[in-house]
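As structure tokens, one chain now follows by itself in the form predicted alone.
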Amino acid sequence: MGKEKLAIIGSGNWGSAIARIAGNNVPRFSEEFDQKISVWVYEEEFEGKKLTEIINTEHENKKYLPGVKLPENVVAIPDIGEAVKGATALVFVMPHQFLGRVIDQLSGKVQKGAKAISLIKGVDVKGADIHIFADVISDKLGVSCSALSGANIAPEVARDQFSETTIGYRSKAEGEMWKRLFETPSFRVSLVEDVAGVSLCGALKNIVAVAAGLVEGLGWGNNSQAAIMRIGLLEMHEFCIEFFEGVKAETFLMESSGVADVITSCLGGRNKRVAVAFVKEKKSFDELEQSMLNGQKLQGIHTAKEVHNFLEARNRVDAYPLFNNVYKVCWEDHPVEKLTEGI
């Protein structure tokens, strides 16, 4: 069998952090992996230069992950078809709002028999139907798709600060391949046969992180933060059990993708930070995204809206009062002070 050829689709801070890990790891498994890693980069200018040119000459994503050197075998490519040409292992890591457009661009260009892994946080909702993005990728591109999620704030991972993550797999052999590609002494990877659970934890925890930020913005204390985390984790678990088959309780309670990711996102993730500013600065989320996130995208408020639309279509909004209150604060001018009413 030939070597696995990796293509990373997305180049924000998390995509760049993952590219760094993979680029450093493939020499350790030179018989299994091709040494060149292609990264599709949405071309833009930064400080008067093309971002791909900066990455390929200075080996640093100065816009999205400044101060972190990337291995020289990580190559930025602006054409998505060229980036995935011949690739047998695809890593999807981008804001979920852009995936549909990317899949359309990839149609007919993916290597037959390729496998994929989704690092995307969010859910695909159409009326009363809901899908995880690993399933969307599998269905649209005809690939087997795993999922990776955990307590992983990208700049910390990129600087080799100890952390953990979880890979949900469909095939154990694929899970073990992804683990070899991503695990390092400071980035511990565990495996679980639960693609849906890992994916949903990564999506829904962002709603909880927004709630935690709203609470902090109000000046409420540690008791309130802990209560929001517990209630949020409970609603996450109940949502998954109600609407998805085969989700495992241990994914929430024992894996980094579950309780650990809720904690770190509620303590220091971008959704929490922007929600704090929303309360304190009285600015819109669009304004705060532009001023605070350096081109990155806010996920939690959009996931809250998508989940609300799905629950409304299923007549189940009242069963998830925290999710519903976050939606109303973010999208319907509901008073922040009433965030905990009914939960």
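Values in this document were obtained by computation on a predicted structure and should not be read as measured data. Residue numbers here begin at 1 and follow the sequence given.
One more form of this protein should be noted, the form predicted in complex with a further copy of the same chain, which is absent from this view; the next part is about it.
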property	result
Contact residue in the predicted bound form, chosen from V259, I80, M177, V110 - any heavy atom within 4.5 Å of a further copy of the same chain	V259
Contacting member of G142, G86, G268, G100, with respect to a further copy of the same chain in the predicted bound form [4.5 Å, heavy atom]	G268
Contact segment among 191 to 199, 72 to 80, 161 to 169, 88 to 96, judged by heavy atoms lying within 4.5 Å of a further copy of the same chain in the predicted bound form	161 to 169
Contact test, all of A226, I263 and I343, partner a further copy of the same chain in the predicted bound form, heavy atom 4.5 Å	yes
a further copy of the same chain contact at G221 in the predicted bound form, heavy atom, 4.5 Å	yes
I132 within 4.5 Å of a further copy of the same chain in the predicted bound form, heavy atoms	no
is_contact(M236, a further copy of the same chain) in the predicted bound form, heavy atom dist at most 4.5 Å	no
a further copy of the same chain contact in the predicted bound form: D124, any heavy atom under 4.5 Å	no
Stretch 311 to 335: residues contacting a further copy of the same chain in the predicted bound form, 4.5 Å heavy atom cut-off	none
